[in-house]
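Next up: just one chain, as structure tokens, the form predicted alone.
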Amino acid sequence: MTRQPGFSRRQVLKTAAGVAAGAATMNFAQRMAQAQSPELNMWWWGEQELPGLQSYVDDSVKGYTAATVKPMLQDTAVVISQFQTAAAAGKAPDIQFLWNGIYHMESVWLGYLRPLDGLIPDDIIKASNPTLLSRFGGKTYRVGWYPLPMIWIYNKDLFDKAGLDADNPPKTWDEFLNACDKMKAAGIAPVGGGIQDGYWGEWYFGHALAQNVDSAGEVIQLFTGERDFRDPKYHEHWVKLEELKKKDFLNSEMPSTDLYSGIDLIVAGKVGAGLSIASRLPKDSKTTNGRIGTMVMPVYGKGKLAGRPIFDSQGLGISAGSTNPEAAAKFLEYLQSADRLKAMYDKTGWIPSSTNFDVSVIEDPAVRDMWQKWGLSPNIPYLSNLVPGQFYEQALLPTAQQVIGGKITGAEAGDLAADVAKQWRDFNPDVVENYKKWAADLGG
């Protein structure tokens, strides 16, 4: 999941008002058809992250006649808790927005979500790109809705200034260090962004841990105890971060800058390269007249996941308590239709997650190239979506902050991670067992 600042309850009220206004404009035939059709409640999230999604949802609901769909935009802070509370009380919506990985898997383990297999055709589920992290016990619990490829970006103008080939970014760690040396010599902050709020550390973990693992299931074993962050290969990513710090390759304002302001520094030509999400690419490419390049993290590790693009997606699922699961499935299938896929692109300017989307409508060559490499080619899931909540707060965020701040070494970051993982195991034996079962679906 990509965390974003939450909207207030006032935004939810605006959403409800917008839906009511849209319903009033329905023609008589539509109202009569819906009066005799099933009623579905849909709780969703995403306008906070993808402006224009509200318009898309309203348009989709308005044009759908096989059921009356009542959407409600959720506040960021309650996307998980509000659904789980409602599910426990037997009052869950039929359709629920679901972040990926552990963020919806806990609801699977609680019995609050229904598997989609047998409700939605397998080919539609697969094309929707729900990612491997949506599977448990051989079943899939989400369809993909809109994608969040995790990318590295670089400023082509700064690469030119440093005498680098802006059309061929570094692919190996040695090539990357050489590029950083040249940028530093040209007076350019080579790499970085902003880590004041800690989230850069989450993104870095997702990219860099992948270098030394063969599967997502192997990552789970770091939390269940079969593997250990003290093993050098499982904390080498923090050692590499320490290396960037010691070589003075990170931008000086990184500790005092938040995640998204740090990306802005790359776009503004103040930092050479760093982490980003692909949903920013259309705007950032336009701002720079096409001078933002994308790349996979340069390879230093020997794991099977090294050097492969990372693909994450937001999704939708059906609650176990829905009294109309077939009708809910039909609506989700409708959202995967060619017309709705194009409508999402038209309303938001961003790509739907489905591989069935007609890419010929994408005008920006940088976006089109990114989608071919990240969305339509072999990719890997975002490993940070596997992290337990306690580990996220007490290890995942502070380790990178402290390494960049010079307070701990990369190896000491591994010690901290191992300690927090053990504490989590000791206090959550039931969840540990579910994690072990999940690993079987993820190649563990």
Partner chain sequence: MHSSRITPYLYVAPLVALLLFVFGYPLVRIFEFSFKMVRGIDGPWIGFRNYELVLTQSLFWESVLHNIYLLLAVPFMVGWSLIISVILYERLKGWRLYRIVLFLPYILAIPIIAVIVKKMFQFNGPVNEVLRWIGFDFLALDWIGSSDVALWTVMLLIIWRESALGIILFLARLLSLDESLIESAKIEGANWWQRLWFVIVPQMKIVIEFYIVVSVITILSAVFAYVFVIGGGRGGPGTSTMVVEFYIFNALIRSSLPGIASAVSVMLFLVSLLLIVPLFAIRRRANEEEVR
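Quantities reported herein were computed from a predicted structural model and do not represent experimental measurements. Residue numbers count along the first chain shown, from 1.
A second form of this protein, the form predicted in complex with the partner chain, is not displayed here; the remarks below concern that form.
Mind telling me which stretch in 66 to 74, 53 to 61, 377 to 385, 395 to 403 gets its heavy atoms within 4.5 Å of the partner chain in the predicted complex?
Partner-contacting stretch among the options: 395 to 403.
Consider G307 of the chain shown here, and say whether it contacts the partner chain in the predicted complex, taking contact as heavy atoms within 4.5 Å.
Taking the distances in the predicted complex, the answer for G307 is no, it never comes within 4.5 Å of the partner chain.
Would you check, heavy atoms only and a 4.5 Å threshold, whether Q372 touches the partner chain in the predicted complex?
Looking in the predicted complex, residue contacts with the partner chain do not include Q372, since no heavy atom lies within 4.5 Å.
Decide whether T172 counts as a contact residue for the partner chain in the predicted complex under a heavy atom distance cut-off of 4.5 Å.
T172 lies outside the contact set for the partner chain.
Taking any heavy atom pair closer than or equal to 4.5 Å as contact, tell me whether P38 reaches the partner chain in the predicted complex.
Contact with the partner chain, no.
Could you check which residue among N168, T323, N289, S256 gets a heavy atom within 4.5 Å of the partner chain in the predicted complex?
Answer to the contact question: S256.
Would you say all of E106, Q196 and Y199 touch the partner chain in the predicted complex, counting a heavy atom within 4.5 Å as a touch?
The answer is yes: all three residues contact the partner (heavy atom, 4.5 Å cut-off).
Is any part of 81 to 103 within 4.5 angstroms of the partner chain in the predicted complex by a non-hydrogen atom, and which residues would that be?
Contacting residues: T85, A88.
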